[in-house]
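In structure tokens, one chain follows: the form predicted alone.
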Amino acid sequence: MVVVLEQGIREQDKNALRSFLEGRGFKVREVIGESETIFGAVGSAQIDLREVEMRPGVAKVVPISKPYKLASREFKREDSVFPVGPVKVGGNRLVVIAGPCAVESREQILETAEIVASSGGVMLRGGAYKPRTSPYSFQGLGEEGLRYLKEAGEAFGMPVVSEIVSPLHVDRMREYVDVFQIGARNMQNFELLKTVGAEKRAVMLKRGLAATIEEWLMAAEYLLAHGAEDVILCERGIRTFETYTRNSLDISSIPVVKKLSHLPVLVDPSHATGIREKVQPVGLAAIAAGADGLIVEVHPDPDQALSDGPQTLFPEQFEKLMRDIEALSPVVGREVARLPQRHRIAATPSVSVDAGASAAGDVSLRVAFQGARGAYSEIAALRYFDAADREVEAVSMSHFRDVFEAVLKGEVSFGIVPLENSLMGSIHENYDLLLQYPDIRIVGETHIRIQHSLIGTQDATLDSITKVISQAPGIEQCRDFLNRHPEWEIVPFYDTAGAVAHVRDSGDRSLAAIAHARTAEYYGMKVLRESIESNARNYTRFAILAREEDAVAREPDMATLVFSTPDTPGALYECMRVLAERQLNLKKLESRPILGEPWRYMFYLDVELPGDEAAFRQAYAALEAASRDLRLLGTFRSSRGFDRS
């Protein structure tokens, strides 16, 4: 059963309730959610629910109908999110685990770890004990392989995942492994599940070769019932009559399990297909279907791998897969999880934070955004820093200038402002503000897909609506939908999220707003129609801002510059030639009028950085000589794969 506790319940009442339930044979687990705290009470004991409801501090009791209690969505409504070392699994993150099928040597696993980390993977996999169909196949290096795996993970800051095949191996593996993997063949090895569950550390549970979804979740229940709190489900394909691929990936199981259970779901496209060339498209399909990440096999030289070579990716294939995942992530409303050391920024003199969506730590961040709560800027900020594993306090500001002021005065650690929309073009006000605040730098970027919904009061219907309000760009981006309702009055409003707040405050069922569907959740409103935007390829790029003295970017791959040119023929050409001769790829070029100087213009550029920092300094010096008023607005790690066209 789920026992929902009253807000502000006294500690003595909570302890008394726990003792009451445990005394009647229940195992009790406390879960603190965003809006409520519950006790999950599981066991075979019978009890009259009214006995529990009348206890002090109990708001209500909800019976769990599913045979899997702790794993069910009835037990916990929010998605489970938990840390594995510096990486958080679940929520808005897409976690990619990669490595060889088996650890073959120290050199092999160290080289693989470098490939995985440099390409964007955040956990390292590798088998030390391999359950193989043939007794004559390579069975792994055992404890020696675990030592190599742990060394490689620590060298690149990655937690490690390895399969456990026997309860007898727990003591041996405990000091080496961050995540125990239960393989498909052992999904219903109940003694192994009990032993591993009692370790109370993260477990990845692969679906059995012919297991139903309920059997898979019941296996997870074994782990949870015996102490495990952090369980990852892994779909790796099931055995069917089809023989072209190694297994048949049950991609429909992903949304089904995500509805039935709060546990994160990863997909293994390597074992699902058994064919190297099929891993990438199947992996992307899994992300599109709602998976929380992938676990794939990669090897420095797959043709020489001692096991699973045909399904193992070459390094360049894994790199492409990561780029494709980054391009897909905003479409599905996710951010790709990253490692802390990839791109760090000092948020304050005493706080180190990774603005490349990869920091770890307990210090919360204050991030300023323009708009009311629930605005697209807030959604972008929370998604960006959520992937960085940080607690974030999003601070609402009335105007874009207020965001810059808050960053400059040190009232917040970061600011976030939109720079460009794929349909409407650049937000010129923010480019102008970047010039007016020379002590502020761009230290990161993110982009989200703009999805509009029609939102009204809880008792509203499409038929009750007579007036729709939203920010002018939001109205224009939904013009096709609005044109189908000529009877509605369309009125511009200062902000999309603010429009939803206004509808809530009015309580008028004839009034509706256009905003993101999450804004409806925030204000307790009703989504009347989702995805009403005219063009689905609608993205906005946001800049992360910090004070110049606090912004120290590492491994940036993009720079934003601004300059003017002399009033001479070919002046802009000379500046472009500086970039071309030094092989600096120009990603964006836009002109803006110089305030107070009619018919003179500043040019804004986004330039890909070379790997050699000295080469960029030389190019900057040459560009400074060819231009006027050259300024560096920021260097940062870009959202790779984003098509700004």
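In this text, residue numbers run from 1 along the sequence as written. Keep in mind that what you see is a predicted model, and the values were worked out from it rather than measured.
Although it is not shown, the form predicted together with phosphoenolpyruvate (PEP) is what the next lines describe.
When phosphoenolpyruvate (PEP) is considered in the predicted complex, only one residue from 101, 87, 160, 412 comes within 4.5 Å through any heavy atom, namely 101. The single contact residue among 471, 370, 72, 181, judged by any heavy atom lying within 4.5 Å of phosphoenolpyruvate (PEP) in the predicted complex, is 181.
Although the partner is absent from the chain shown here, none of 467, 509 and 529 has a heavy atom within 4.5 Å of phosphoenolpyruvate (PEP) in the predicted complex. In plain terms, the part of the chain that comes close to phosphoenolpyruvate (PEP) in the predicted complex, with a heavy atom within 4.5 Å, is 264-272 out of 423-431, 264-272, 166-174, 476-484. Though the partner is left out of this view, residue 185 does reach within 4.5 Å of phosphoenolpyruvate (PEP) in the predicted complex, counting heavy atoms only. For residue 125, a non-hydrogen atom is located within 4.5 Å of phosphoenolpyruvate (PEP) in the predicted complex, even though that partner is not displayed. Interface membership of residue 383, defined by any non-hydrogen atom within 4.5 Å of phosphoenolpyruvate (PEP) in the predicted complex, is ruled out. For residue 297, a non-hydrogen atom is located within 4.5 Å of phosphoenolpyruvate (PEP) in the predicted complex, even though that partner is not displayed.
Contact residues in stretch 222-257 (any heavy atom within 4.5 Å of phosphoenolpyruvate (PEP), taken in the predicted complex) are limited to 236.
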